[in-house]
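Consider the single chain below, provided in C-alpha cells and representing the form predicted on its own.
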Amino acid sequence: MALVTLKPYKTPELYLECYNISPDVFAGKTSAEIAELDVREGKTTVKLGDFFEVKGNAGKTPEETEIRVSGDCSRIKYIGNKMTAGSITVDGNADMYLGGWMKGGKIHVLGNVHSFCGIAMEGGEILVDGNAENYVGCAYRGDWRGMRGGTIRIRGNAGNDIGTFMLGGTIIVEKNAFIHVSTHAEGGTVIIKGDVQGRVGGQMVKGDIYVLGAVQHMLPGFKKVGMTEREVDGMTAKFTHYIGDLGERHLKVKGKEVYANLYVMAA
C-alpha cells in the first residue's frame, strides 16, 4: 500500500473539520495535491497543508492507500468520513465524528476519541486503544438510522448513549460504559466487558446486549427468562438471559413476538 503521512505542525484556533482525510479522497493524488485539499476552521475554508506537513503520494485506489497521522488530533473532526476502503492510523487522540458514515476499510486510533465515533457506520472496522466519550455507533441527531454494519472496538471505557438507534453491526467496549446502551435499537450487538450503571436497552425492540460485568440498575421493561451459555468475543460463559423492552411494540415472526436480548454474565 502507498503511505501518506500527515504531521500536524500548527494548532487551529477553532476545531478543524477534515472531511477530506480519507483514502477515498486521497486516492490518485500527490502529496502536493493532498496539501491543497479544503478543510474548514469555523466558517473559514483553509487548506490541509496549512496545518499538516504532508509526505508521500497516495495509491491509485482507496484500497491501495494508507494514511498515518503522526501527532495529536484532539481538535480534528471527521477523520475517515464516509471512507469505503484503505486504512487510517492516528498516533494520538481524535475529535468527534471519527469514521462517521464509514462503509469500509480500517481506522486505528492509538489514543482516545471524542463523541460520535462511528456515527451511522455501515461497514469497516474502527479500533480505539484508549477511551471513547458519548454516542458511539449512534444515529445522527434527529435521524433514526444508527450503526448498520461493521465493528467498533473500544479497548478502554465508553460514555453514555452507546449504539442509540442501532440497526446492525457490533460494538465492543472492553471496560466500562455509563448509561443508555442500545436505546431505540432494532438490531446489532453491543458487548460491554465491564460494568454499566443503568438504562440498558431502553425502548429496544431487537438486537443483543452482553454485559460481562454488572448492571447497577436494571430497567423494569426487561424480564428474566432463564440461564444460557454463550460464546462472546472469543470466550464462553454463562449468562442470565432477559428479554425486552416489554413496553415497546415488537414484530411477530410466524406468530411469535421477537424481543431484544440482554445477557448479563452470571456471578
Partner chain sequence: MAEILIKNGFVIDPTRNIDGDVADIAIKDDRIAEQVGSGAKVIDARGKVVMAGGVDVHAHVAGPKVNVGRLMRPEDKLFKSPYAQESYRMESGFSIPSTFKTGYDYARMGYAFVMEAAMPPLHSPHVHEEIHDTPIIDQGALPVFANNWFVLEYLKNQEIENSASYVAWLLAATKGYGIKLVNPGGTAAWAWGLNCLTLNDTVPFFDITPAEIITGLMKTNEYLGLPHSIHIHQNSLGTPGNYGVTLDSLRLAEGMKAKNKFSRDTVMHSTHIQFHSYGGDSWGNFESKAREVMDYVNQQKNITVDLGCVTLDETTTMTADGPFEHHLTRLNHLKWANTDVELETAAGVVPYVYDKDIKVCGIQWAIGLELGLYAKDPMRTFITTDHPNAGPFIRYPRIIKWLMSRDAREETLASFKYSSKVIDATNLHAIETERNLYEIAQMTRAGPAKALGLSHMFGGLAPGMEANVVVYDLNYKDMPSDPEMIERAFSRARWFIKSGDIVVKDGDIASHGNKRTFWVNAKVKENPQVIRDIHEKFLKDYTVGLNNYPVWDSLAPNPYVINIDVEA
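Numbering follows the first chain given and starts at 1. The structure displayed is predicted, hence computed values, not measured ones.
Just so it is clear, the following notes concern the form predicted together with its partner chain, a form of the same protein that is not shown.
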Heavy atom of D24 within 4.5 Å of its partner chain in the predicted bound form: no
Partner proximity in the predicted bound form: H108 to its partner chain, non-hydrogen atom cutoff 4.5 Å: no
Would W101 count as a contact of its partner chain in the predicted bound form, using a 4.5 angstroms cut-off between non-hydrogen atoms? yes
Does R40 reach its partner chain in the predicted bound form, with heavy atoms at most 4.5 Å apart? yes
Among 121-129, 166-174, 190-198, 140-148, the stretch whose residues bring a heavy atom within 4.5 Å of its partner chain in the predicted bound form is 140-148
Which residues in 167-188 have a heavy atom within 4.5 Å of its partner chain in the predicted bound form? none
